[in-house]
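Take a look at this single chain in structure tokens; it is the form predicted on its own.
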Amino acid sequence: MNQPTFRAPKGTFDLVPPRGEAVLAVRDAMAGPVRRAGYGYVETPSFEETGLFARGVGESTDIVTKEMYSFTTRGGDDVSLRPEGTAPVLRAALENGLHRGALPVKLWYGGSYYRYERPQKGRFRHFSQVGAEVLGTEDPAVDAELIVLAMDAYRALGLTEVRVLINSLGSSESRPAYRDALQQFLRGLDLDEDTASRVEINPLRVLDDKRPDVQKALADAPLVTDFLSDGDRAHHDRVRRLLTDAGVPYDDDPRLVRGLDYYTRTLFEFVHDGLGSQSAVGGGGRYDGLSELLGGPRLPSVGWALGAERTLLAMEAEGLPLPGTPGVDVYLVPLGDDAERHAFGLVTELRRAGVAADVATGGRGLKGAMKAADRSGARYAVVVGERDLADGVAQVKDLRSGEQEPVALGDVRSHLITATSS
């Protein structure tokens, strides 16, 4: 057997049925709660100016220094495939003047993202996310709203073991004192050269280091929650109370940080313990200063991104069936040329009426066509032969009960619409 000449690039994957349908269903479930909450859809290009991510995500982050797919276009522009969604969405909002209208602006989006990472289960160089952002408000109720909406999405998919970790990174009122204390602690550790350089650029990046020996050394590191100002603490406590009021349990994690520089105050992560070391299925937080970093006005904001493939792995870890399995309600089996013409017209009418329908092609015999009907998952099979046409009927078979009845050709469409809607 000949091997294919080309394969998907290392660290990427193809989505083919039924998994492709399952990921699509996961994305739809993630988007459902935010759409019902009045969030509007935004879509940005798959690539942006590299400077957008260097300035927004942070020049010291692994994403910018090691993981971006960056290149120079034929016109001499330095661009990168988007490694995350928040900076592009905020750029789009500023460029299109959304911040000049009524605030807050609530947006959601979805798509593919790209990072040059070491491929492993749950971590790929190409992945898809659904994200939501609220721009232009400091209200802690919005932080809590986003967390609740994300948990509603996970619950809609049947997941019961997703946990929420929350923390506060403080604001400009709290961060300087904490930064000084953390740097002083980290300078006393025996760190490798690369990690030691991060201490001077952004010490929070060291806290995000997942290596066991580094985490062990950080056991006595100062906690940001011990340095929160009264205002930052009140904001964080309000988020926690609102989550409790909404019936969403959470775990306080004073060591939680994330791999992006723009976060302030509220920080959260959704984790699933059934996924091993790659336990995060989504996360986000507040980024009150990002707009100004990108040259815009002060625009306090908060958002999250949920990973579609990671979420599907979590569903498999809980033994849940794949969502969105493709299938049809009606499968037409024409026997003969005249029957094929009639079936083609009927299947078109059914589809236009909103009925999921398919038709056997290629001149299959009755036995082969009925096997195809079973594989399609259809509830009803409609058999039309030359004798049926002469009699003015079609044979409609309920594939679950096995019952079959002749239905007048002029009534088949309405009969099937009624049957599939019940």
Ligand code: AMP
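Computed from a predicted model, the values in this text were never measured in an experiment. Quick note: we count residues from 1 along the sequence shown, nothing fancier.
Heads up, the form predicted together with this ligand isn't pictured, but that's what we're talking about next.
At a distance threshold of 4.5 angstroms between non-hydrogen atoms, Glu138 is out of contact with this ligand in the predicted complex. Though the partner is left out of this view, Gly122 does reach within 4.5 Å of this ligand in the predicted complex, counting heavy atoms only. Heavy atoms of Tyr250 never reach within 4.5 Å of this ligand in the predicted complex, leaving it off the interface. In the predicted complex, this ligand sits beyond 4.5 Å of every heavy atom of Gly131. No member of the trio Gly56, Arg265 and Leu290 reaches this ligand in the predicted complex with any non-hydrogen atom inside 4.5 Å. The candidate stretches are 281-289, 185-193, 91-99, 239-247, and the one lying within 4.5 Å of this ligand in the predicted complex by heavy atoms is 281-289. For the residues His342, Arg198, Arg163, Arg115, the 4.5 Å heavy atom test against this ligand in the predicted complex is passed only by Arg115. Out of the listed residues Ala217, Leu204, Leu149, Ala305, Ala305 is the one that sits within 4.5 Å of this ligand in the predicted complex by at least one heavy atom.
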